[in-house]
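Okay, so here's just one chain, in structure tokens, the form predicted on its own.
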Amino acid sequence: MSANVPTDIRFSFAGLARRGGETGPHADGWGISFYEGRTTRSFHEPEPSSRSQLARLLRDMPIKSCIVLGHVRRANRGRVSLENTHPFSRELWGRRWTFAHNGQLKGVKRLELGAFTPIGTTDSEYAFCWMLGRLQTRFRTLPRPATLDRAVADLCAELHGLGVFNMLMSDSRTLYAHCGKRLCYLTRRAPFGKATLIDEDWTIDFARETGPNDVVTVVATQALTRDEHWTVVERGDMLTLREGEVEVLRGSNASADAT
């Protein structure tokens, strides 16, 4: 989620958590990170989110944030364990970076790492460390947003060639979302209406929950609600989200101007 005002994600998280072992097969761990300034509050468990007491607690706890990353895992590389549970995080340029990934990246561990070392054994965390190492080598300090957008898009394009690279990543300023196979997003702004989750019997009237100037965008592998229009992202494209507003960097020309 990316929003222009601190927003709680309980509604969307309730649907996502059900997909962790109940309405979906991703039963090998879950995690969620809420940004507060340049750092995060993060919660992880190597068990199904659909059966987690902690996940139920977070569903009822209105933690508000402008950027949130959530992930439910289906293990294919690396054992089911806490260290292999997304989102992963590292510090770069005095900011907390977080990263979550679905898919497989053949040969990614042959790429040379820089200063960042994986704790676990997933190809996902390895790719994250490789990306941060490349960014650190290229830029001594945090670059301006447009410059960083192009650099991240270039790195995503390289990893896209290794397999399925469905990715979320943030530096506390921007939320990046790359489509390796399947991704969609939804932007809510005035006039707000009602929405109903696909995975749970829960309907909410956002007109009662939001202000007239609020902008909130939710990105997911598959649509979370049944009565709203979700925009499908093309394979190879990358989204940049700042304060709820979305720009698309096209995969065939990722370094070109956003459209």
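Just so we're clear, the structure is a prediction, and the values are computed from it rather than from any experiment. Just count from 1 along the sequence shown to find any residue number.
The next section is about a form of this same protein that is not shown, the form predicted in complex with another copy of the chain.
> Have a look at 90, 150, 77, 188 for me and say which one sits with a heavy atom within 4.5 Å of another copy of the chain in the predicted complex.
Exactly one listed residue reaches within 4.5 Å, namely 90.
> I need to confirm a contact call. Of 217, 40, 225, 50, which residue comes within 4.5 Å of another copy of the chain in the predicted complex, counting heavy atoms only?
The option sitting close enough to the partner is 40.
> How about residue 118 - does it come within 4.5 Å of another copy of the chain in the predicted complex, if we only consider non-hydrogen atoms?
Residue 118: yes, in contact with another copy of the chain in the predicted complex.
> How about residue 83: is it within 4.5 Å of another copy of the chain in the predicted complex, going by heavy atoms?
Although another copy of the chain is absent here, residue 83 would touch it in the predicted complex, with heavy atoms inside 4.5 Å.
> For residue 161, is any heavy atom within 4.5 Å of another copy of the chain in the predicted complex, or not?
Residue 161 lies outside the contact set for another copy of the chain.
> Would residue 198 show up as a contact with another copy of the chain in the predicted complex if we use heavy atoms at 4.5 Å?
Output for residue 198 is no: heavy atoms all beyond 4.5 Å of another copy of the chain.
> Can you confirm whether 173, 204 and 209, the three residues that make up this candidate site, all sit within 4.5 Å of another copy of the chain in the predicted complex, judged by heavy atoms?
Spot residues vs another copy of the chain: no contact at all.
> Please identify, from 68-76, 174-182, 151-159, 94-102, the stretch that has a heavy atom within 4.5 Å of another copy of the chain in the predicted complex.
After filtering at 4.5 Å, what remains is 94-102.
> Give, in sequence order, every residue of 52-77 that has a heavy atom within 4.5 Å of another copy of the chain in the predicted complex, or say none if there are no such residues.
Result: 53, 54, 57, 61.
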